[in-house]
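Let's start with one chain on its own, the form predicted alone, as structure tokens.
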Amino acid sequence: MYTRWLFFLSILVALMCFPLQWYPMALRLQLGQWLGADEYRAPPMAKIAADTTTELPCPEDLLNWRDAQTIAGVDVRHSPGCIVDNPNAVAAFVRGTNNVSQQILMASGLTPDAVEKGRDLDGDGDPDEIHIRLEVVELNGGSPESDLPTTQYAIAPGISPGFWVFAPKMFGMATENFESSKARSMLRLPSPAIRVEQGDIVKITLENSHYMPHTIHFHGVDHPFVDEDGEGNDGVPVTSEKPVLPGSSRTYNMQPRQSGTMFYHCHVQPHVHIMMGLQGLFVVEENRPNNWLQTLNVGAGHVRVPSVAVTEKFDREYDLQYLDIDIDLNNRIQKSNDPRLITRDMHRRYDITDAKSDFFTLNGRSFPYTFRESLVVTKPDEHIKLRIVNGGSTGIALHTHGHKVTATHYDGVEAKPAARITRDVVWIASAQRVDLDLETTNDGLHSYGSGIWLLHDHQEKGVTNDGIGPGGNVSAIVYENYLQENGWPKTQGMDFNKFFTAAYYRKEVPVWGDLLNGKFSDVEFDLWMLIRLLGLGLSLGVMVALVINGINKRRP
């Protein structure tokens, strides 16, 4: 008798605790007719968002790097973004680090042999012998002294995957100072864009300062398979040469005959090393008299000293490099600083066929940092040259808001005028390069007029940071009259401050929590619902136990 009453009591408790919203709609309506409508129960209170530390969207330009200035006889153009390149380094890349004063060299952070420029062999007023020295740098790698990564480089607030990059040869520390673990401004993703001229005698020396073997393959660049000494010159260990071991160096030789936008990258275990960041744009400029080139463009972006051939047709030039990141690959270098363990995990345990893309970058950053560095700034009636490379593993559907662009070159080869297409979505495959002509004539076709027009991958995952938007490779075409004095766009949409918090990209901040007085905020913990669910679970458990006990008693 006791057991029977306990069973019926458990059924009653279960019915009382069972949430009404779980019943089928038809049953809910019938119960409302029999018993009357359920009384109104207010929803849980909105949860007050936790305090978050907000970064300054546009840091102050304390050193006046953004200003137009003449250094060592080089006219370095004004760069309109919030964060720009060191103009002393730009001047040294143009003149050659062997041809500038010690003061400029010290201010640039470069070694005297980083970019050496020699004789003018054809007498046209510019050097034709170029020797570039590159090193390999690890960013956000494991540290033997701290749980935090070392030589830190963030692609967005709170997001610091591990990378390997080529970098110009520099002196001093890899970090900003003795007390900081943040990487110096020139040690960053992507590897620097390289510029040489048709016919230049070019030597590029890889001084392998890393703990792993590497090479450089010049993808699309005219170069011999072997050099004059019979040594491999294609950067491919399988067919051309042995990889450059740690502490060793190799010089690659070329004299490019064709101009165009090319690519360079490591070819050791390329499924890993390329995706880790060992890649960059390689531009062969058309030969012109007195054509002093900005040989390296660190981090890509705005070209502050464009070539003579570019200035003949265009008002501005931008290098844009896209990359997607599989965090399972990139963060393996943060688990250890033992080269043996890293080599095992990267090259034997990582399976690229199971890879997925978590982060998407433009010029080494993801939104909102892309608004600091990679805006395409213009004004009406201009021609802008965009040199684009997709260094990632998936294609990009590059979409321009407010404009239609014309693709003039593919993989460094000029398209015939009849084959050129003007459109607002351009497909760029992996490793492909496309030159785009952005015309800002307000004619309803090339441009719709001044504004802040987004520039982004139209594959929706590409505009997120690990699935949280906005993020990824979102940038914008911004007209000067929509740009503040400090380089930040005069946006008229949502408040950017929450995007500059690590908490937002940890999925801790409601996307629209600041709208409608918190109507879209998270909700407070519903204690009453928890009590009902515990009661439901307890009553169901008692019923099941009683049933099992009754079955056992009936067994002979």
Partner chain sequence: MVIIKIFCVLCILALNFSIPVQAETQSMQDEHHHHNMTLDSSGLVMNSNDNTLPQDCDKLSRDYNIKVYAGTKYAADYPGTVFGMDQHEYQVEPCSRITVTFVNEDEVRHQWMIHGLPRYLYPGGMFHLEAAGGHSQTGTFIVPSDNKTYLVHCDMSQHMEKGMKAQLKVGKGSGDLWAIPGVSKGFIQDIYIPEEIWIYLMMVSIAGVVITTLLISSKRS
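Positions refer to the first chain, counted from 1. As the structure is a computational prediction, the values presented were derived from the model and not from experiment.
The protein also exists as the form predicted together with the partner chain; that form is not presented, and the subsequent description refers to it.
Residues with any non-hydrogen atom within 4.5 angstroms of the partner chain in the predicted complex fall in just one of 414-422, 239-247, 427-435, 351-359: 239-247.
None of the heavy atoms of residue 383 is located within 4.5 Å of the partner chain in the predicted complex. Although the partner is absent here, residue 444 lies well away from the partner chain in the predicted complex, with no heavy atom inside 4.5 Å. Contact check for residue 270: every heavy atom lies farther than 4.5 Å from the partner chain in the predicted complex. Residue contact with the partner chain in the predicted complex: residue 63 places a heavy atom within 4.5 Å of it. This chain lacks the partner; the member of 105, 154, 329, 305 within 4.5 angstroms of the partner chain in the predicted complex by a non-hydrogen atom is 105. Distance criterion of 4.5 Å from any heavy atom to the partner chain in the predicted complex singles out 118 from the list 395, 451, 80, 118. Residues 335, 336, 337, 338, 339, 340 are the members of 307-340 with a non-hydrogen atom no more than 4.5 angstroms from the partner chain in the predicted complex.
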